[in-house]
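The chain below stands alone and is given in structure tokens; this is the form predicted on its own.
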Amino acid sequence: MASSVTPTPLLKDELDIVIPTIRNLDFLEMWRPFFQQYHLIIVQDGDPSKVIKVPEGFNYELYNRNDINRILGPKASCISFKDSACRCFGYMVSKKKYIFTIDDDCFVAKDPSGNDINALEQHIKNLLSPSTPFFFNTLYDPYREGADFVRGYPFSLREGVPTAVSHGLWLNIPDYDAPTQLVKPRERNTRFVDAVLTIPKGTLFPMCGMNLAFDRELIGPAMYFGLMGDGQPIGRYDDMWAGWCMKVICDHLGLGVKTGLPYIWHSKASNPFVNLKKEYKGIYWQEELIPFFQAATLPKECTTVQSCYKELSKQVKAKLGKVDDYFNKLADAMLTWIEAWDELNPSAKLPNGK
């Protein structure tokens, strides 16, 4: 009889699942075995008068634009509209230690043996084991079962550092930019790579927000998805911007970022022509953004995520403001985001990662 008892899910009371959406959440039926016992935060984008249907049996809160304006007041200007970047409002109102965020076109993937992949469980494993950003282990994650540190790995670094972010991948539709989509419209990712890697210190990466988990207490205030969508000159760079800011801050505070497992099944490709319209300025701008983040340094006085983020916003205004006035607006929004975060999370003004 013991085998019929449903196991208590990992971190059941310590994790929120954040989902941005403009449609009914039928996709949750597929995730029911893995998500039903967790609390969901649904951030409804677009028309707030539209009724979003959620399958029965899920424990959730739903916030639309009216709620965002009511809760944040004038500071709601930092939350994007008509763009999935609005998901970061869910990070701000959560009261849990961990966040898992997923898009509504992401389904349960299968491993090479045909078994359903519990993406959330793998993210939790990634977050609860250390990272190794200071020295690369050629057997990848040394804390996984069946692996270890290889010969020549310094014993002084084998304790690792706390993991702040777990970045998952996708089978089927890859997360390509519009030019690549146009050149390779039929390309699908069928390769399942059974690996988790720590992204080394000093290395940036393109963070995708559709299958992502993080330790909100360690890095939450840095997970701002910027100003995108309605009224902005750019879209589809929300998660990229958050990833670049987050990585600079994690490197400064001695925190780790992992990528690889888990996989989800990304079910549909977005329109490449619509994407190109959203992305085209970003495609040019990123040639200046990447060197900016690669060169960015933070003073040792910055010992909290908030202080790091405020300092980064100053550097954005000073160095990227001349690329386009949009970055002056974005730098101001970064400060507004931190002010709003601290108002909703007054106990979070403690040093992080030290």
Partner chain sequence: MSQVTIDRNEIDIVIAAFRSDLTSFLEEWRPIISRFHLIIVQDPDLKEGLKIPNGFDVDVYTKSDIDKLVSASHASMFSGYACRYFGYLVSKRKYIVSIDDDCSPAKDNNGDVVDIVTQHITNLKTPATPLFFNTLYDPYRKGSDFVRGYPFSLRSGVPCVLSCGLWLNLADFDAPTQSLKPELRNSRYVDAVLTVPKNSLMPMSGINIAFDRETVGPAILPALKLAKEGKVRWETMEDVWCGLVVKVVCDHLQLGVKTGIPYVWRNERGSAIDSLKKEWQGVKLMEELIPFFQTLKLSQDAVTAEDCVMEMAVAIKKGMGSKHPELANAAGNMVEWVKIWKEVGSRVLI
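These numbers were taken from a predicted model, which means no experiment stands behind them. Numbering follows the first chain given and starts at 1.
What comes next is about the form predicted together with its partner chain, which does not appear here.
Contact check for Y91: no non-hydrogen atom falls within 4.5 Å of its partner chain in the predicted bound form. Residue contact check for T259: one or more of its heavy atoms lie within 4.5 Å of its partner chain in the predicted bound form. Residue contact check for R186: none of its heavy atoms lie within 4.5 Å of its partner chain in the predicted bound form. Among heavy atoms of R158, some come within 4.5 Å of its partner chain in the predicted bound form. Of the residues I199, I124, A76, L253, just one reaches its partner chain in the predicted bound form with a heavy atom at 4.5 Å or closer; this is I199. Here is the short version: of L218, L72, I117, C208, the single residue with a heavy atom within 4.5 Å of its partner chain in the predicted bound form is C208. Within 4.5 Å of its partner chain in the predicted bound form, a heavy atom is found for all three of F134, R151 and T180. For the stretch 277 to 311, the set of residues having any non-hydrogen atom within 4.5 angstroms of its partner chain in the predicted bound form comprises E279, I283, Q286, E287, I290, Q294, in sequence order.
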